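Only one chain comes next, encoded as C-alpha cells, the form predicted alone.
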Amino acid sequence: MLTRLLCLIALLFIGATSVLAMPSQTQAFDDPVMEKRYQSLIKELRCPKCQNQNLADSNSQIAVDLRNEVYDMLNQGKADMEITSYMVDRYGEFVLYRPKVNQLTYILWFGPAVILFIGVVIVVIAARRKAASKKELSLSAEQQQQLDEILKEKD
C-alpha cells in the first residue's frame, strides 16, 4: 500500500514538473505560414539566459519576452532576416544556434573536423608503428633457419 502511494506521488511529481517545464504558447496566428515562420525563428534563436535552449524550449522570462518580440516583429511585416539581424545586433552571434561562418566562428565550424582528422592521423600512425614493430620482432628466414638448427642440436 505504501509502495503504491509512493509511486502515485512520484508520478504526480513527474507529471507536474514536465508540465512546468513546457513553455507556454500564447501567440495566436491567423496565417499558418506566419506561424511556421514564428516556430522556425524561435527554434533558431538561442535563449540568452539558458545558453543551451532555444527560445521555443526555454521558460525564462527573457525567452518569453523575446518570443513576444519575434511575434510582434512578424506582425509588423518584418522579414526573418531582419528579425535575426535585430537579435544578433542586440545579443551578438551567441543568440544564433547556427552562427555565420566567419573568422570568429572558424573553430566552431571546423574545429570538430580538424580534431577528427588529427585523431585519424594519430590512429593511422600508431597502427603503422605497431605493424612495423611486429615486423621487426619477427625472424627473417635466415634467422629462423639458424634457430631451427640450434633447437635440433639441443634435442
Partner chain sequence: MGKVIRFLPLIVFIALGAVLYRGLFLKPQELPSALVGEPVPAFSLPSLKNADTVLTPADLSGDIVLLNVWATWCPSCRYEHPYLLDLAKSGQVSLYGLNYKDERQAALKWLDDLGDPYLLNVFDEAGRLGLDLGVYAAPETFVIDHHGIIRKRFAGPVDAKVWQQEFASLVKTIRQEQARGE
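Positions refer to the first chain, counted from 1. Under this definition, the rigid core comprises the largest set of C-alpha atoms superposing within 1.5 Å between the forms. Predicted, not measured: the structure shown is a model, and the values here were computed from it.
Heads up, the form predicted together with its partner chain isn't pictured, but that's what we're talking about next.
86 is the sole member of 97, 86, 117, 110 with a non-hydrogen atom within 4.5 Å of its partner chain in the model of the complex. In the model of the complex, its partner chain sits beyond 4.5 Å of every heavy atom of residue 34. Remark: residue 62 counts among the residues lining its partner chain in the model of the complex, judged by a heavy atom distance of 4.5 Å or less. Within this chain, residue 55 is remote from the site of its partner chain in the model of the complex, having no heavy atom within 4.5 Å. Taking the partner from elsewhere, residue 45 is found to have every heavy atom lying beyond 4.5 Å of its partner chain in the model of the complex. Scanning 107 to 123 for heavy atoms within 4.5 Å of its partner chain in the model of the complex gives just one residue, 122. Relative to the superposed rigid core, residue 117 undergoes a CA displacement of at least 2 Å between the shown form and the other one. After superposition on the rigid core, displacement of the C-alpha of residue 127 between the shown form and the other one amounts to 2 Å or more.
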